[in-house]
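Before any questions on binding or motion, here is one chain by itself as structure tokens, the form predicted alone.
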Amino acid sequence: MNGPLISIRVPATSANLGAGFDSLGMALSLYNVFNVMKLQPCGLFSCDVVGEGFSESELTSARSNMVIRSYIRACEIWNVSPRGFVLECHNVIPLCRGLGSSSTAVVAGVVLANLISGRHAPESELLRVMTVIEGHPDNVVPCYLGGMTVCCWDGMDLRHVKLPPLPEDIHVVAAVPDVQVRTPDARNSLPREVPFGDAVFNLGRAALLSAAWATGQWDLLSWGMEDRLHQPYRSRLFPGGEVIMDRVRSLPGCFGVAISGSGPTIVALVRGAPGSVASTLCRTFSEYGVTSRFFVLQGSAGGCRFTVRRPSSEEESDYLIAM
């Protein structure tokens, strides 16, 4: 049996990082893989899901699957016909936990539209379309490019800078509780106005976080990941959220801790053995009656990667481009 025609590997992300609400995000070494097994006539799709969300109709239905929806939306934006396909989703990234699982689907869908249509869109256009569909550049930009990125989006245009990769000896400990924070709840928890002092506080921290990352001054991250715009409000949305970051912030080797995305996953940057930080995070969730699991990850410097197989003579190839 032949392998997939197109295989796309897309990393998890941690967006809203520290003081960088809606602007700073990093890619992590945890990946979903999306395979196109066969091309089909225009508008005809089917999908199969393995791993996270395998029994959820929202993912297994071709009508609602986010990869297919994003693919169709990108085709609409580019005014090209959406050739159908058979999709396999191998999901490893936990769903609805703030690790960018939906962003991997959006990025994969736009990449598929670019490949299958033969559009050859430049990177800037791919990122623009991904942001239009997903809405948050600090999720999709690091997801596609990898590494740590700084993003600004005005609703039409995107500007971004990719910072140097996270050193290999710095781990990202991600503690994932077995509870979900609904995106509308996460957004509605934020105040419409914030005190001027809190805005100034975050400006300084976000600038410090970016500069420290760019220059490798990792000991400054503990300040740069402090925040007053979103984490104090969202930490109230899940058990243990209001105490968990204070418990690990001062542990040996911990450079900084933050809510990942809109939560409830907590990420901590750790140099050296990560066991103490991981166990403290999970123990805190347990104290508040929530089971959890943790991942010890690295930064993903490469971001989205894909391969395209040359089709056999029996397979259709009209819409595949030679890579």
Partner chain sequence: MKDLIVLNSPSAKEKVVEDVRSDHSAARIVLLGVPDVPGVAAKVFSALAEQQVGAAMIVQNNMRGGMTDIGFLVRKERLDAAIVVCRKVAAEVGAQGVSFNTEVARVSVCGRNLGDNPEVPAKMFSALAKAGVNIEMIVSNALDITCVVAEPSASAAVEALQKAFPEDLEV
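Treat the numbers as computed from the prediction; the structure is a model and nothing was measured. Positions refer to the first chain, counted from 1.
Just so it is clear, the following notes concern the form predicted in complex with the partner chain, a form of the same protein that is not shown.
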{"query": "Every residue of 29, 50 and 283 near the partner chain in the predicted bound form, heavy atom within 4.5 Å", "finding": "yes"}
{"query": "One stretch from 38-46, 289-297, 252-260, 63-71 that, in the predicted bound form, holds residues within 4.5 Å of the partner chain by heavy atom", "finding": "289-297"}
{"query": "4.5 angstroms heavy atom contact with the partner chain in the predicted bound form for residue 88", "finding": "yes"}
{"query": "Close approach of residue 171 to the partner chain in the predicted bound form, 4.5 Å, heavy atom", "finding": "yes"}
{"query": "Partner proximity in the predicted bound form: residue 33 to the partner chain, non-hydrogen atom cutoff 4.5 Å", "finding": "yes"}
{"query": "Residue contact check: residue 92 to the partner chain in the predicted bound form, 4.5 Å heavy atom", "finding": "yes"}
{"query": "Stretch 249-285: residues contacting the partner chain in the predicted bound form, 4.5 Å heavy atom cut-off", "finding": "273, 274, 275, 279, 282, 283"}
